[in-house]
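The form predicted alone is given below as one chain in structure tokens.
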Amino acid sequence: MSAPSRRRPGPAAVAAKGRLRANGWLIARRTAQAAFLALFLTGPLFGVWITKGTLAASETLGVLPLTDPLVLAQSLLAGHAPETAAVIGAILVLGAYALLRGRLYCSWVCPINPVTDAAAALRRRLGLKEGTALNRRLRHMVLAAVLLASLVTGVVVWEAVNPVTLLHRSLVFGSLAAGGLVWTVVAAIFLFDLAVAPRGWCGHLCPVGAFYARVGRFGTVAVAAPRRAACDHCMDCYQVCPEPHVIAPALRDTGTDVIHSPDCTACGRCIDVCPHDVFALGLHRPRLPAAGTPVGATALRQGDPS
């Protein structure tokens, strides 16, 4: 394919589908992120405790424990004996993301996602074309280092510096003491993505994203390109995709129109900005290592040309 166009992505989709449909999945993700945060905020703000805790570990309605499995893994390696509820919570979260898609966490739940999305949007608006090229394997190296550090030190290392946990704790509990540090970290991530490495944090450094990519690599939620014959190679999808390397196989005649890469976050932005409704987000049977030729996707929502 030719090099990506540097024109601003989106206007063609707005002209073809209208502003609402051209931002439908983005609106849905922001709504989901706000809803997840709201579950934790009802207690501190209104005294109605729906969910207590943070994204690292929580309890909903006093009966449903949920635990970040990466936190549990670090805790076990550090030699800590977790409570039964923490183990059950981790199994529930692990099972859900393994069944669906691990990196749904990154685009639909993580509170850092709007920050990195904003940096990417500003890069496009400013016409910043270059940046430091980082190896995508780097985040897996960081993940391995985090687990090894927990094993060696006996400390749940990543949770001490995890921007997601720091930000979520600050938003939910309003910790003034940590507020300055939290927003400094958030600003650093924004500036890193903006001025140093495009999509550098989520795509190349964050060990949480690396972990969930491994967890949900055979998940059932996926983006597909059932109308790839209509693609005019405008490259808008590549410009908005947080992991653009995942798109090409689905647009080529490779035996499947499904994006199977575990790096795909199923954010739906490629669907939004495509004026020809090439893409759809849906369910598919997972492609297991010995499954043979993968099958296509069943769309959950696919726009029909007007």
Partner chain sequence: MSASPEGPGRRRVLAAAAAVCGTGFLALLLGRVAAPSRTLAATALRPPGALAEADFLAACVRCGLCVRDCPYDTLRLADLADAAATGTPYFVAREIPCEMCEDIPCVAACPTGALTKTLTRIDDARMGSAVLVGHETCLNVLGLRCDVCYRVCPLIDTAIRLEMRHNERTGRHAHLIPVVDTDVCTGCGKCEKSCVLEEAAIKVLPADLARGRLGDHYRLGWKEQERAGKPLVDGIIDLPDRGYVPPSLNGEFRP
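What you see is a predicted model, and the numbers here were worked out from it, not measured in a lab. Residue numbers count along the first chain shown, from 1.
The form predicted together with the partner chain exists for this protein as well; it is not shown, and the discussion that follows is about that form.
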Practice task
Have a look at Val182, Ala195, Val109, Met235 for me and say which one sits with a heavy atom within 4.5 Å of the partner chain in the predicted bound form.
Solution key: Val182
Problem - Interface residue in the predicted bound form among Ala120, Cys206, Val71, Ala225, criterion: non-hydrogen atom within 4.5 angstroms of the partner chain - result: Val71
Problem - Within 4.5 Å of the partner chain in the predicted bound form, all of Ala78, Val146 and Val157 (non-hydrogen atom) - result: yes
Practice task
Name the stretch: of 47-55, 239-247, 23-31, 261-269, exactly one has residues whose heavy atoms fall within 4.5 Å of the partner chain in the predicted bound form.
Solution key: 47-55
Practice task
Tell me, yes or no, whether Thr132 is in contact with the partner chain in the predicted bound form, where a contact means a heavy atom of each within 4.5 Å.
Solution key: no
Problem - Contact flag, Met141 vs the partner chain in the predicted bound form, heavy atom cut 4.5 Å - result: yes
Handout entry: 4.5 Å heavy atom contact, Leu92 and the partner chain in the predicted bound form
Key = no
Handout entry: Proximity of Val161 to the partner chain in the predicted bound form, heavy atoms at 4.5 Å
Key = yes
Fill in the blank from the handout: Restricting to 77-110, the residues within 4.5 Å of the partner chain in the predicted bound form through any heavy atom are Ala78, His80, Ala81, Pro82, Glu83, Ala85, Ala86
